[in-house]
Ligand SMILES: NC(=O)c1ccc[n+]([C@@H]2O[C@H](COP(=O)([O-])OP(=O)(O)OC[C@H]3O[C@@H](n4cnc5c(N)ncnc54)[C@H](OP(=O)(O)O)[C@@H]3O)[C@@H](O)[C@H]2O)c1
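As structure tokens, one chain now follows by itself in the form predicted alone.
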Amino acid sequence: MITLGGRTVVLTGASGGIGAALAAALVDAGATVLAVGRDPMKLNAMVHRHRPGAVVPVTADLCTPAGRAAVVAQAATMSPSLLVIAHAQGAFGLFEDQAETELAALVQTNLVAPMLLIRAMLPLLQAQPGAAVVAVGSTFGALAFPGFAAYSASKFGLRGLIEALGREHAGGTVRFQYLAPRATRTAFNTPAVDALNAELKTAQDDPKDVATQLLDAIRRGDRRRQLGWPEKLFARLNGVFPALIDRALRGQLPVVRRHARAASPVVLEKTHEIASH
């Protein structure tokens, strides 16, 4: 088991949903959290909710070189041993209805920005014993879902990045973990997604419960973990027998299309929680 007490954790997407709950869990475990987000008011509110010095806010847009540089510069003064990627952008809708700019922004936020931040942070992490990069992914990173084509693609990419880096750094000082929550009750979900989840009877977890499970996986050093049942089963079946999942999802397609068509194209830039399975 990995001890978090006394460690500095760089946490992106720290001010909302799963991010805020995970920040609280890390602080309770004795860690200092360098909380990264775009909204300074939300970040400052986090500072006041915790013990003095437990949360250090950094307002930054990780899609920009300046934003990533600000995070690295602050982290360099704090000897970080964990980087937790917990931000994302979501979009629910049919692929052909989504604008090019929305699709490009989605991939930039969910895949390119994490890739470049990890690369910039690696020298700092390699200087610390027991360091880790943790990506808070999604079930959709293993089980692509209609209505979430671009989002699924970005999460498949993130999962591939973390898996490849884990193999590239095998035997090194930094471990790489991909931890995938299932649907979570947060403001990340649009009304259309909430309606879809309700009709499909999709189970949704409380952010605090998700944070508890993520913290356990971080402490255990799990290289990969899918949260929730039957999502864990579906993700494994999709990897071995994808045709079975094709047939199962085909029956849900009319429902997905109806809710996706009813929703105007929306791209949200908030902390990552997964929107459905």
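All residue numbers are counted from 1 along the displayed sequence. Keep in mind that this is a model prediction, so the values were computed, not measured.
Just so you know, the form predicted in complex with the ligand exists too; it's not on screen, but the next bit is about it.
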At 4.5 Å between heavy atoms, is residue 176 in contact with the ligand in the model of the complex? no
I'd like to check something about residue 84: if you look in the model of the complex, is any of its heavy atoms closer than or equal to 4.5 Å to a heavy atom of the ligand? no
Is residue 145 close enough to the ligand in the model of the complex to count, meaning some heavy atom within 4.5 Å? no
Against the ligand in the model of the complex, would residue 62 count as a contact residue? Criterion: heavy atoms within 4.5 Å. yes
Look at the candidate spot formed by 22, 32 and 35 and say whether the ligand comes within 4.5 Å of a heavy atom in all three of them in the model of the complex. no
Quick one: from 223, 50, 42, 232, grab the residue that has a heavy atom within 4.5 Å of the ligand in the model of the complex. 42
Counting only non-hydrogen atoms, choose the one of 186-194, 116-124, 164-172, 91-99 that falls within 4.5 Å of the ligand in the model of the complex. 186-194
In the model of the complex, residues of 131-167 near the ligand [heavy atom within 4.5 Å]: 136, 137, 138, 151, 155
